[in-house]
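One chain is shown next in structure tokens, namely the form predicted alone.
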């Protein structure tokens, strides 16, 4: 049990003695410092006690006696406010962090439960652009949050390796290009010729019929030459994606493919057609969901080619039937919200009532507009990474003339990855991101490099203390941690486990990102306001241990967000 919960449970027990039954979840952190350290809103007791909330709070404040931990109890209007002895809070918190180390903040809320989180979902035969990074950054953080909360997590990728976009690329290669033209990055080459194919096909119905023929042959799977070209080019894309995943530190437990699920969907069609809401319409197979105000979803076109729904239905079933998960999470952009509501409703009507959750997010824009591989307005992940690397490498060389090239490149890459990942996670998922490379690389402000710079500063202080022979072990006087900024830092450390749990429960890694940024801001205020190595011996000992705890919590949070940990920069 973490320290924060222990403190709240003590308050719960104290109130119980006075006839007030609450849970730890009823206690809140006050919005203002003058309202104490923990508060209890008394609105919910008005009906049972037949008193006004402010009178209930006033009566309790006058009745409950403080103890060693709770040194004062007051009320402000309908709020009962508890003031804590922060020397004891500091002792409990810092000891727990020292004991738990990398496990501090973890909990067993999801113990015994299995969840599948599907994210990334790129289309083969297209480029991996900067917009994909938001999904990947959010998805990997979400996976780590669930694992931090005791869940067994299956991280799943669902790759679009068949469909109209693939047929267009194969059509272009068969008519205008061949594999010998694919020089350098073959995955990037496929993305480029996809854009060229779209331009060439625009408005030409005869050429579009050729693409349809390729798609039909591809889904039939009997044309050996076509299947060979598809498999070869598919591998180019998968190799390119895996290289990016390795660089971003992304690991999937399982890969699903549309080409496989398309076949499963066709096998399921006879069963689907037995349902009243699945019917033929003008040669197509549709799911009529009008009575549920969800419109119509086409599963199979009149030309016999399949759409996403025919693939997602069997895949949803497979997740539960084969992998025995308790919950299935889809991290998909919010433009697919209506579609996923349709899929979930179809599954429900089929009698497949399972916990399926859509975690939506907004897309990423450039200053020139929405990223779209259809229009060619694409900035690839590699382009952004390389541009950022050029700038960061030059700056790192200037700062560290004694570093070897290998170290410069390693540190620079970690700074770039921190900038990209944090830039995609820090905002609430319902906010559109207008990505700005220059802004994301700043060492000040709401950026990943700012967090990394703070961690490097923490290490620098502790390394210098060690070089000077300062001790961080021994009996401490926690009462020396009495300034407002020290109390703020301790409260941050105390609240960290709750932030992790809240971020998981709300499926919102931004909550953790924002907390870590605030923690860094508070530490840097502490650093500028108070001496550490030049402080009186007992104060120095306490502050060094506070710094060690801040570093531990910051690094724990960075691990969950799948961000690098830089010891120096």
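Computed from a predicted structure; not experimentally measured. Positions refer to the first chain, counted from 1.
Below, we refer to the form predicted together with a small molecule, which is not included among the displayed structures.
Considering the small molecule in the model of the complex, the lone stretch of 305-313, 229-237, 89-97, 406-414 in range is 305-313 [heavy atom distance within 4.5 Å]. This chain is displayed alone, yet in the model of the complex one of 336, 242, 208, 459 has a heavy atom within 4.5 Å of the small molecule; that residue is 336. For the options 158, 453, 194, 252, the one in contact with the small molecule in the model of the complex, meaning a heavy atom within 4.5 Å, is 158. The small molecule in the model of the complex comes within 4.5 Å of a heavy atom belonging to residue 332. In the model of the complex, residue 342 stays away from the small molecule, with no heavy atom inside 4.5 Å. Although the partner is absent here, residue 118 sits close enough that one of its heavy atoms falls within 4.5 Å of the small molecule in the model of the complex. For the chain shown alone, residue 123 is a contact residue for the small molecule in the model of the complex, at least one non-hydrogen atom being within 4.5 angstroms.
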